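Read the single chain below, which is given as structure tokens and is the form predicted alone.
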């Protein structure tokens, strides 16, 4: 049998009637941008993220940019982040007028390493004793942790480090809806967090969407203003802003999905457990959960030096797979100006060279899991 990487249609059919009703209400009221559907979703998602505020926006990229922009850091500040992430993480830093400062990740979680961050902060300082980026000289004023593949980063430790150095901590939780660490929801750490609701996410819109979550009244007010052309009141502008408003259609869809995300993630967690059982004993590194976490498995990433051969083998048998991500950001042409090169971040580079993401979605069946696992077993048995 064939196994898709992601099955959105099955999920849609389960909620189609409710979605149709919600979208019809948008059409009937003609509130097409922001409006009551988006406000209702914001309230629901703030509860999921464990924060006082949720500011819905037009995409996850917009969310990363907006939270860094709303923080009002001095232009040209250095922001530490991992290189094994989607480009939107670093794009948000650049769009906000700041400098990406890369630090490597831990091998077990592939999330930003507190030890590497500490080394970087201790490595160089300016005349005022402030930590600076050794590549660009930018004064480091923030840390942007990424909850890769659905597992929250070592955020409590990064909060401690940020406090020690007087930095702001930001969370890219775009893959971690309803995840948690030490009982705290993803989205509730640091100054603010960014979420993506791209259709393939654990909680996906029917198009683009994103959100910023925060406990800060000031940051929430500034973010709401900036997402709407810098306006607190229509046609009166306090800042130069942007059009990052969420469509009411996406708010309506996400309001329905918000009621189901915990159950959908529970099913992902069970599928991950079954993958582990079926793939144990193979020469394959399986994802690890570190500490007291709720890892929601946006992606189930395995690692092998035979990644490309394994992927081709599975593809020939109708099993889809993905690469997340095939080239770390510090070696991408777009970020060459920062001065990094191959070999600078070996764990991130290992991840790019060896990772393979297997089919994962809430409705994946036992038969589909067995098909994927059997293909992998056959591949290694023939080597």
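All values reported here derive from a predicted model rather than from experimental measurement. Numbering follows the first chain given and starts at 1.
Only in words, not in the display: the form predicted in complex with a small molecule, which the text now covers.
Student: Thinking of the small molecule in the predicted complex, which stretch from 71-79, 201-209, 222-230, 283-291 has heavy atoms inside 4.5 Å of it?
Tutor: Result for this chain: 201-209.
Student: If the cut-off is 4.5 angstroms on heavy atoms, which of these, 101, 155, 248, 174, is the one near the small molecule in the predicted complex?
Tutor: By the 4.5 Å criterion, the partner-contacting residue is 174.
Student: Identify, from the list 85, 214, 151, 113, the residue with a heavy atom within 4.5 Å of the small molecule in the predicted complex.
Tutor: By the 4.5 Å heavy-atom cutoff, the listed residue in contact is 85.
Student: Indicate whether the candidate residues 61, 64 and 325 are all in contact with the small molecule in the predicted complex, with contact defined as any heavy atom within 4.5 Å.
Tutor: Yes, each of 61, 64 and 325 comes within 4.5 Å of the small molecule in the predicted complex.
Student: Does the 4.5 Å heavy atom contact test between residue 146 and the small molecule in the predicted complex come out positive?
Tutor: Yes, residue 146 is a contact residue.
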